[in-house]
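Taking the form predicted on its own, here's one chain by itself in structure tokens.
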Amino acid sequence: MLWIPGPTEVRPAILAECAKPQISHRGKEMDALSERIDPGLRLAFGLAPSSTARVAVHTTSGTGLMEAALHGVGAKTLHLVNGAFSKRWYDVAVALGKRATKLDAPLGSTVAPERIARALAEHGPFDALCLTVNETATGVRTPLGDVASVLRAAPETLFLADLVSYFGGAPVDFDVHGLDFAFASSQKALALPPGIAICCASARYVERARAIPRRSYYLDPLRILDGHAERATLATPCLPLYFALAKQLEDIAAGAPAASGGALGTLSGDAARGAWRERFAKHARMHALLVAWARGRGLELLPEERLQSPTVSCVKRGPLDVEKLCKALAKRGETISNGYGDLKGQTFRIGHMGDHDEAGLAKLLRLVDELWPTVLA
């Protein structure tokens, strides 16, 4: 069983969708498939029925849409960097020739709102601010509301968000937080195999993107958004994952990801939104379970409580040998992750996301307890 921060475990019903016969991506069956996907994505992004924001799917990694987002904004970008994946977004901007500025925070922390406000005032205006909401390397969640509040004083700055290990595990509320472009990939809290990415873009982002030169083809955000809207993808999409995405979104909206699910169209909007809220609550309960277990054994999570991710927990090793722990669990059929980068050997990470539940997590933690005497440093 995979308990790493992605890819995560994929249930058999989703894998069965990936085995469906192929269809023409230029035919009516593909149009129907996209029509199944869009309402679920809008619910997952927290869009109101009246929202003018647009959703899309693209056959690429999350990193692909990280780059695509930058193709739609001007040259001056501000990056909040508090781990390996937020730094990657800064590195992508530098590679694209952006005039990128980064605000660093220590591992396990996030950039304070007052530092963001100071940078905007002293070094702005910026064309875009780039935030990795859930830093997978450290288990840190930067509250969207904190950054949104600061950006209200800088309306010229577009708000771009990496939701890769967050989307599907916690509320996004795209419009409420004034987001302009947000993206995620399939293999994290959506609990699909890797290979496709999803995004949402505001009308403001689209308008700005149309006014600037874009030096990309496959990662041009407007080609991605327009192609999806017009049911004319840029190239042959990964059809198996489109089937899987449609099934997963319908099952979540039906409140039955562990069962057969149901068609989204049979649910009222309120019922579907309620089902998403329950999925978010399940992730919160799993996080609380892990925190209580860690505290009961004298362990601490790397981030302070307010910044702890609901989907990925990064635990300081305490008396444990992380490599021994990972190997011992693997022999028992359970896989967790060592720390990432500079945190390797100092922390271990458990991805409690997707279709995992409290019972499965409790079983994993009982196994760690059982192995504890054999995995001490």
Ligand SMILES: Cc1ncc(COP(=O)(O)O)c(C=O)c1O
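Residues carry their position along the shown sequence, with the first being 1. Everything quoted here is computed from the prediction, not taken from an experiment.
This protein has a second form, the form predicted in complex with the named molecule, left out of what is shown; the following refers to that one.
- In the predicted bound form, the named molecule sits within 4.5 Å of a heavy atom of S61.
- Residue contact with the named molecule in the predicted bound form: V55 places no heavy atom within 4.5 Å of it.
- Remark: L47 does not count among the residues lining the named molecule in the predicted bound form, judged by a heavy atom distance of 4.5 Å or less.
- The shortest heavy atom separation between L41 and the named molecule in the predicted bound form exceeds 4.5 Å.
- Against the named molecule in the predicted bound form, the set R88, T132 and D162 is in full contact: each member has a heavy atom within 4.5 Å.
- The stretch among 234-242, 80-88, 270-278, 205-213 whose residues place heavy atoms within 4.5 Å of the named molecule in the predicted bound form is 80-88.
- For the residues T110, Q248, S185, T138, the 4.5 Å heavy atom test against the named molecule in the predicted bound form is passed only by S185.
- When the named molecule is considered in the predicted bound form, only one residue from I37, V322, M66, L343 comes within 4.5 Å through any heavy atom, namely M66.
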